[in-house]
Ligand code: HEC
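Below you will find one chain, with nothing else, as structure tokens; this is the form predicted alone, and questions on how it binds or moves follow later.
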């Protein structure tokens, strides 16, 4: 075995690197880099004036109060099966990764006994009224930034209305349906 084998390999790698650097410097001298005054191929961009009549994307979820009276709670039982990985829907059930959702409509946020809520949700305050449930089910992390709930949300208005109707039915005494005044107020916002 050659005792200078390592030295020869190292010298070869070092020489290849030096030759590459020399080639780069020679290329810069032969073909110098010049900053162009304008682009060689100018691309003209015309700005389109935005029309005030153009519909903008909604900032949040569509209103659901008007749909609650005719919502199909049974249709959401199938949709709620996805939620059973983290939540329990029965009275007296034990908390899982998420809290028990029995009697959740009009309950205070962060108030289910024995569940460790995120600081963001515990400090958020208020109750789970229909509007709050609509916002939360639409996009939980947008409604309460910092929540531990890893759920993308329900984008379809009908799905949210059905889910809220299902949650409303999970109670000893279901919450009252929204009045016409509350529906009109939500539509005005």
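Residue numbers count along the first chain shown, from 1. Given the structure is predicted, the values throughout are model-derived calculations rather than measurements.
One more form of this protein exists, namely the form predicted in complex with heme C (HEC); it is left out here, but the text below deals with it.
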Is it the case that 128, 137 and 148 all touch heme C (HEC) in the model of the complex, with a non-hydrogen atom of each within 4.5 angstroms? yes
Does heme C (HEC) come within 4.5 Å of any heavy atom of residue 106 in the model of the complex? no
Is residue 94 close enough to touch heme C (HEC) in the model of the complex, meaning at least one heavy atom pair within 4.5 Å? no
4.5 Å heavy atom contact, residue 75 to heme C (HEC) in the model of the complex: no
Partner proximity in the model of the complex: residue 101 to heme C (HEC), non-hydrogen atom cutoff 4.5 Å: yes
Stretch 109-124: residues contacting heme C (HEC) in the model of the complex, 4.5 Å heavy atom cut-off: 109, 110, 111, 112, 115, 117, 118, 121
